[in-house]
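Below you will find one chain, with nothing else, as structure tokens; this is the form predicted alone, and questions on how it binds or moves follow later.
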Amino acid sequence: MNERIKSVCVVGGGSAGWLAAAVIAARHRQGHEDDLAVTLIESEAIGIIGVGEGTWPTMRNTLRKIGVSETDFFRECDVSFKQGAKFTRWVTGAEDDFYYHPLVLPEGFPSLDLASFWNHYAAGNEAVPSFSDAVCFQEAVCEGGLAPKLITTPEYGCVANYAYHLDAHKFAHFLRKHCIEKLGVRHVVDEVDDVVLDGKGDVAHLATHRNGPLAADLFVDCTGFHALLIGKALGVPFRSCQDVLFIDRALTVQVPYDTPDQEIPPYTISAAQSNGWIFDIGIQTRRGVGYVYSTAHTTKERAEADLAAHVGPAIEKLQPREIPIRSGHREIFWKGNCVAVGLSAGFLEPLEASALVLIELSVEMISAMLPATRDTMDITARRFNDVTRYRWDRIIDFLKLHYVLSKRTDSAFWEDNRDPATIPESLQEQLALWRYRAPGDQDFSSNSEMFPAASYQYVLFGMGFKMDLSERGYLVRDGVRAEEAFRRNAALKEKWTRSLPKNRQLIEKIREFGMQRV
């Protein structure tokens, strides 16, 4: 039990497996003989799900830390810039109904509460711009189809905070090559016939089809929905949240551009439908489009018709791929010497792109807290489980928020989502507090927050949430600072909408000339 942890085996490839191998190897392999041995085993017979094509800005730091060139990443993974999400028809369902959840914080946040000032000015005044447009210059940049940086901006640097859209299959292959060639990860292509446990309930070794027993001190389960280790071998139950989030099916297609120079929106489009919503993600060579919906509220045939209406005539040459969504997560994520990452840990609808960032945060925590010996592993596991469970709970709250605030009445799907019985108590309590003040850091007790208070502000006030501002003393006290902040934001909008290039224009320059290395 006191022997040093000397080896990690990542079971399964894809984005989850190769990100896990990359982050752990980059931190713990420095070219010495006694370095941690990192092995990844994957099957040729099991494909990549590939629905995670949107990231968070955290991916920039992850790629930088594992030693990836951002220029190479753009060239090899069909990458485009993502500056947030544009939500259309989520509030009323009207054609002109939209709001943004951008990636730039409100001007002056968090020391200045512009949300309350905006609510005060916007009450009954249609001339006041939308919340995100009033407090953040990124909505204007997105509406102009502009990139978040200049060609002279160094790799991973920015004018406006950004994430990525990418080809998930190419990303996995890109990471695999980097892990093997640059980080010293051992790659085994084989089938796992059995997971063999020892007398204490740990994973002793994997029985492989061609390579015999494969042992390790720590196993990372990235086997996707199969959950080969954490679920089947170790018996950790799955906890459903289908009673809160109704989405349980996706129909996805890859839509080619009409012309090679077609503009690429620098944001994810989330277009609400009668019984779900459609994501539309533009990368360099195509769009990734999918309708995620509730089978309890509509039929596959109706969903296919809604998807066809969104895509247009191009749908006639495409065959939608059907993916089941089992919303929920494992009751615990680390048991014994096995930790689940990615789909084996759980899955939720792809609203707000939480899949890849959960992988990033999980593997970063595993790498940073990697136990020195087996006898300290259970302590690490308890802490990992507490933090990861907290993150899943907060994601579920945040996704439900989008549905709770909708005013749509065109289907039972939207009305059922507003039923108090389907709303977590933690979210109901927050909404009660936010009737009288804007979300702030004081509302969140952990340093492991998935979504900061600013994200709640963008969704709340983008969807028309109203505050009771009868107590206005602080509005008078901070009024001068607020006016200055609104003016700064207006100046930033003017400056960057004139200076930034179009999204595709910058991507083409990156492919041709590359970005400046830091």
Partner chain sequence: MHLVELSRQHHGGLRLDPARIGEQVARCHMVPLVISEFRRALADFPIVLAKSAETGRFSPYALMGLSPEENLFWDGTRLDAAHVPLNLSRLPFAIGIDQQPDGAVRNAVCVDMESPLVSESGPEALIDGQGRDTAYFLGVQKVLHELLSYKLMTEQFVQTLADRDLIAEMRLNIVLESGKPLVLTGLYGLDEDKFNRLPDATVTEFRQHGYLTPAYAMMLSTARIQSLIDRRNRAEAGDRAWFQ
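Keep in mind it's a predicted model, so treat the numbers as computed, not measured. Positions refer to the first chain, counted from 1.
The same protein also exists as the form predicted in complex with its partner chain; that form is not shown, yet it is the one meant from here on.
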Item to check | in the model of the complex, the residue from S426, Q319, T152, Q262 that sits within 4.5 Å of its partner chain by heavy atoms | outcome: T152
Checklist entry - Among 191 to 199, 86 to 94, 350 to 358, 152 to 160, which stretch has residues whose heavy atoms lie within 4.5 Å of its partner chain in the model of the complex? => result 152 to 160
Checklist entry - Looking in the model of the complex, any heavy atom of R4 within 4.5 Å of its partner chain? => result no
Checklist entry - Would K509 sit within 4.5 Å of its partner chain in the model of the complex, counting heavy atoms only? => result yes
